[in-house]
Ligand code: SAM
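Only one chain comes next, encoded as structure tokens, the form predicted on its own.
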Amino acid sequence: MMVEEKKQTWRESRIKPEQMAKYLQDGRDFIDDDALEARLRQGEPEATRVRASIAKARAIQSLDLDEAAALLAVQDPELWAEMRAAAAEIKHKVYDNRIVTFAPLYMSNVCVNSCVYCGLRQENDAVARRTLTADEVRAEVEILAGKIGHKRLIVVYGEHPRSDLDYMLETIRAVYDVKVPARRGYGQIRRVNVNAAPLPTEELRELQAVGVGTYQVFQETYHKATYRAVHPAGTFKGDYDWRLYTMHRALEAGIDDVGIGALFGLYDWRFEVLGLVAHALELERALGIGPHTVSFPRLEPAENTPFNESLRWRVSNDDFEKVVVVLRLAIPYAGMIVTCRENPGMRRRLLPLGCTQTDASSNIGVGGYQDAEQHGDRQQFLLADTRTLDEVVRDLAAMGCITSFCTAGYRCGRTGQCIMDLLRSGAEGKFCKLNAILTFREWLDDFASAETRAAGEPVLQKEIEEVRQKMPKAFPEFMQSYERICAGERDLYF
């Protein structure tokens, strides 16, 4: 079979219009560019309207598109201060002062797409291409889980026949296989989240069966004209609706937790915020459950990628803060992820306003954890924060935050609709608080430097005292588990 015929056959196996057509309404998708733009042309909203939306968000109710657009139009500094305070309050109400950490593991950097902003586009000859074997994956995980102490990974795959479903299943199993002795206990990845190309429903069912956590596919930009401009026609990624309805297929396939995101810098940041809100509302309408996580990466420089050097829609730090605040108010139940694309100062600024997850010790070069170097010629983009997990945990402790390595909810069935109900009611925070303490104790004993352990102990004792005061009935059983962790047992959870 000729190369072009093989490509066409593979394409037909990847994109199945009937799997998205059933979700269209009157033949149209749920992103109406003109309607979203019209909402953004509205003037400054009245203060009473803004405060009503803030009150609704405080009740952990999703905002509609008109309410979110009104928040984006606020210019009054006092109202913005109220919105910032409410975002921080909602974050604490739903997620307490926990920050979940993870690391990215790039399995392959080969790709058939030609996204103009991406360092891994197929035409970029400046990138050294590589696909990890299962043994190489295990070697990477031995470092991530055994030396650094990560419990969660986001595994990243390019869109290419070399990283097809069989490869994904093999490498995810390889990640879960690794168990490495640590200082006292052991290191092991307990949750594998996936960032990959859109998959057909039948393949998503197989992905769910192997034990994945959250499945992420970012729309990149919700603005259709911009989407067409940066994703050339004829490429897989050029199909806007196939990508847009990935999360519908994933939930239909039984993957309980899905993650959405937009790449900020491709178009007007306010439009992208409304696109994310529209996506969350559509998932709630069609499947009865919103996104588990929302991501909002900003475009960063990439090797031999001139598009990223002169962005018309570059997002300022002040506007990026507004992105976080409005998303926290509009989708109050969702986890929100800020990554090592942002420098340490920006991450400190954003975390209290609504972010719940962040990565650390990150290396996005394929095979990069084994040689411990940052390689621009292997990477999709350049990182702004290359601190170790130990340094990030110490920094979070200085902010009064406890680092959570908990993965209990996913093994106890607190996923999907169940966790959404618990998050909206505030009940999930009680489980997570207990498990955050147990896993933080575990990590401090197994992996922390003396300096970081000293910084973490006061935070740990403060959290234990809060459990004693606020959950007196659960406290005795909790302390028994805590003492077992101190004695060397591992992976105990509520």
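Sequential numbering from 1, following the sequence displayed. No experiment lies behind these values; they were computed from the predicted model shown.
What comes next is about the form predicted together with the named molecule, which does not appear here.
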Answer for residue 152 alone: is it within 4.5 Å of the named molecule in the predicted bound form, judged on heavy atom distances? no
Would residue 140 count as touching the named molecule in the predicted bound form under a 4.5 Å heavy atom rule? no
Is the gap between residue 406 and the named molecule in the predicted bound form 4.5 Å or less for some heavy atom pair? no
Contact with the named molecule in the predicted bound form for residue 279, defined as at least one heavy atom pair within 4.5 Å: yes or no? no
Contact segment among 142-150, 290-298, 74-82, 271-279, judged by heavy atoms lying within 4.5 Å of the named molecule in the predicted bound form: 290-298
Only one of 396, 389, 263, 355 gets a heavy atom within 4.5 Å of the named molecule in the predicted bound form. Which one? 263
Work out which of 255, 118, 366, 86 lies within 4.5 Å of the named molecule in the predicted bound form, going by heavy atoms. 118
Of the residues spanning 183-209, the ones with some heavy atom within 4.5 Å of the named molecule in the predicted bound form are 195, 196, 197
